[in-house]
Each structure stands twice: as structure tokens, then as C-alpha cells.
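Here we start with a single chain on its own, the form predicted alone, put down as C-alpha cells.
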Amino acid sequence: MADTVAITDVEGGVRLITLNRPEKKNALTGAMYDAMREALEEADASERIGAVVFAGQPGMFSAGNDLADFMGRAGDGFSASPALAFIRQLARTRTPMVAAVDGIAVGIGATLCLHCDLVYASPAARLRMPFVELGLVPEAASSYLLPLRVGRLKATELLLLSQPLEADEAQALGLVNAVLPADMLLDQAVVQAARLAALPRAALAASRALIRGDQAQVEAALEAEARAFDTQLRSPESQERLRAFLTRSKPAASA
């Protein structure tokens, strides 16, 4: 677990969660989801940790779910998956979160950023949410949060057509705070996280809650997505699409 997710507490009250599976483009396994969830739970329980930074490897943030691992757990359903447990914790985490996105950010690699308070990207950052083309539905409350950020029409393009989003456009849409050279990216994210961690805790928490809006609505959307995701994951349509992706074969034409 320590090999694939590195948890480091650095100066300034910042917890750094680094995805470290470059040979698989930081695709997330159940064990990696568990490690990240536990790191967020510990941050919320700690008086010392004031902010969390998510980072990947140079040129790759995350390719999303490791589909082989994910399909191996599909028999238990999405509702019992480590992925959903992490997503629920992500949505309810009280500690401010910052993302440093370099390279690909696919699926949860992209929707995770919607829950972060600050997002910084390199010019190579490329966000993509290919849920529907895999026979699935959006997750992490992205069907609710993304239209709020970018409007329904653009969200439809990103979520239904899986349109890739380059760093500059993500910034223009308000999904990224700044686009920075790759060698400055993590330092900037940690510096800004430390600034958040140094603020008065009660005022920060109250202000953050006001900015983020109706938490109950976010969680309701997340749970509605989870039910639909579970249904789709069990469907022949999704199973065929996922198998085709894993074998790099062409899926059968839909009826």
C-alpha cells in the first residue's frame, strides 16, 4: 500500500497524498482507495493537519479506476466498493483539499478535483470523464457539481461525450485556479495548502462551508449516482464495454 500511495506530512500542517503507481498511470485499486480514505479521515481527526494535497507522478495524475481490479470486485456491487467509500469521504472531508494535476486525470482523477478547494494544473494536464462510453454513469456528485461550475451544456459535452478538457480550457471554465510549469506545480500547491492550514480553523471551516453550499444536496447527488452506477455496472451493456476496454477490442454495436 505504501508503494502505491505515499502519505507524507510536510511542513506547515500539510498532508501530501501522492499516487505512486506510474507503471499503471496511477490507476486506482481498492487498496489505494482505502489508503486515501484513511488519510482523509486521519486529517479530519488531527489538530496538526490543516490541509491536504493530492498529487501524482510527473506527467500523470491518475488514469482513474484500475478496471481489472474494479471488475474483480464488481460481483459485490459498487455500493460495497472501496471506491465509493473513498468518494463518500472525499465529499464530507472538512479539511481543505488542494490538487496538483500534471498530465492525465481520467474518471475519478478528474471528478476528485471538483471536491478540492484549490486546483493547480500543468500545461500537460488533460481531464476526461469517460463514464458513459464505458456503459456507466458519472460519480462523485459530478452530475450535480459540474453543471453548477460550467453550465449544463458544457457539462453534457464533458460527461456524455467524454470530451477531453485541456489545462487552459479548464482554467477558463473555472475548474483550475492556475496553469503552472510542471516543475513549479507541486511547490505551489503545497504553499497554498500551507496558507490555508495557517488560517484560524473555525473561521476557515465556517467560510469553507458557506462557499461550498448545500452539503446535503451534494451527498444526495452522490448517492443517486451510486445507485445508478451499481445498476449499470451489473448490466450486460457495461460488462461488454469494460471487457472490450480491457482487451482493447471493439465493443459490439448497441441495439
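Heads up: residue numbers just count along the shown sequence, starting at 1. All of these numbers come straight from a predicted model, not from anything done at the bench.
There is also a form predicted in complex with a small molecule; it is not shown, and the following applies to it.
Colleague: Based on heavy atom distances of at most 4.5 Å to the small molecule in the model of the complex, which listed stretch, 153 to 161, 104 to 112, 177 to 185, 83 to 91, is the contact stretch?
Modeller: Of the options, only 104 to 112 has residues within 4.5 Å of the partner.
Colleague: Work out which of A35, A43, A63, A55 lies within 4.5 Å of the small molecule in the model of the complex, going by heavy atoms.
Modeller: Filtering the options by heavy-atom distance leaves A63.
Colleague: Identify, from the list G135, G77, P130, P147, the residue with a heavy atom within 4.5 Å of the small molecule in the model of the complex.
Modeller: Among G135, G77, P130, P147, a heavy atom within 4.5 Å of the small molecule in the model of the complex occurs only for P130.
Colleague: Consider L196 of the chain shown here, and say whether it contacts the small molecule in the model of the complex, taking contact as heavy atoms within 4.5 Å.
Modeller: It does not: once the small molecule is placed as it appears in the model of the complex, L196 has no heavy atom within 4.5 Å of it.
Colleague: For L204, is any heavy atom within 4.5 Å of the small molecule in the model of the complex, or not?
Modeller: It does not: once the small molecule is placed as it appears in the model of the complex, L204 has no heavy atom within 4.5 Å of it.
Colleague: If you check in the model of the complex, is E23 within 4.5 Å of the small molecule, heavy atoms only?
Modeller: Residue-level check for E23: yes, a contact with the small molecule.
Colleague: State yes or no: in the model of the complex, is some non-hydrogen atom of A27 no more than 4.5 angstroms from a non-hydrogen atom of the small molecule?
Modeller: Flag for A27 set to yes.
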